[in-house]
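A single chain, nothing else alongside it, follows as structure tokens in the form predicted on its own.
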């Protein structure tokens, strides 16, 4: 594995600021300080705070995508393989939805619609993946919506049930994906 780039170090530092102090404290100066760089060193890679946030969003998207691809490789071939990988990714306790940065970035994205574009593009790709091997796109879509809700719950720090019930729900969802659809 290659050493982190300067850009990666800046994003790491920015994510640490958000985790420890909240998104309101994120500035290019704070990211520079955390990365051990001058502000000019940060400005070389990120012209504005929004550019830095965009980099952080892209990092989280890529982490999620990498995790989903790893789960896909582990899932047995057959119908709903991508949907099963999505469920596994969503319930992964180390996934991006468990990172405090996700909630902070969600708030930033909510106030700046330009930051939604990379999320939408990756989301479209994920939806196409799921549709590609789902005998019932309606079932896969419903489960996708449930996973979005569960992710949002985790991002917001809400706890609607205990870990045992979460694992029961995960298994129930995976069992639904094993059953043949009765109607569309």
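By rigid core we mean the largest C-alpha set that fits within 1.5 Å across both forms. Positions refer to the first chain, counted from 1. Predicted, not measured: the structure shown is a model, and the values here were computed from it.
Below: the form predicted together with the DNA, not depicted.
- The closest non-hydrogen atom of residue 49 lies within 4.5 Å of the DNA in the model of the complex.
- At a distance threshold of 4.5 angstroms between non-hydrogen atoms, residue 45 is in contact with the DNA in the model of the complex.
- Although the partner is absent here, residue 36 is a contact residue: one of its heavy atoms lies within 4.5 angstroms of the DNA in the model of the complex.
- Contact annotation for residue 40: at least one heavy atom lies within 4.5 Å of the DNA in the model of the complex.
- Partner proximity in the model of the complex, defined as non-hydrogen atoms within 4.5 angstroms of the DNA, places exactly one of 65-73, 131-139, 24-32, 145-153 at the interface: 24-32.
- Core-superposed comparison between this form and the one not shown: the C-alpha position of residue 43 differs by no less than 2 Å.
- In the core-superposed comparison between this form and the one not shown, the C-alpha atom of residue 23 has shifted by at least 2 angstroms.
- Core-superposed comparison between this form and the one not shown: the C-alpha position of residue 57 differs by less than 2 Å.
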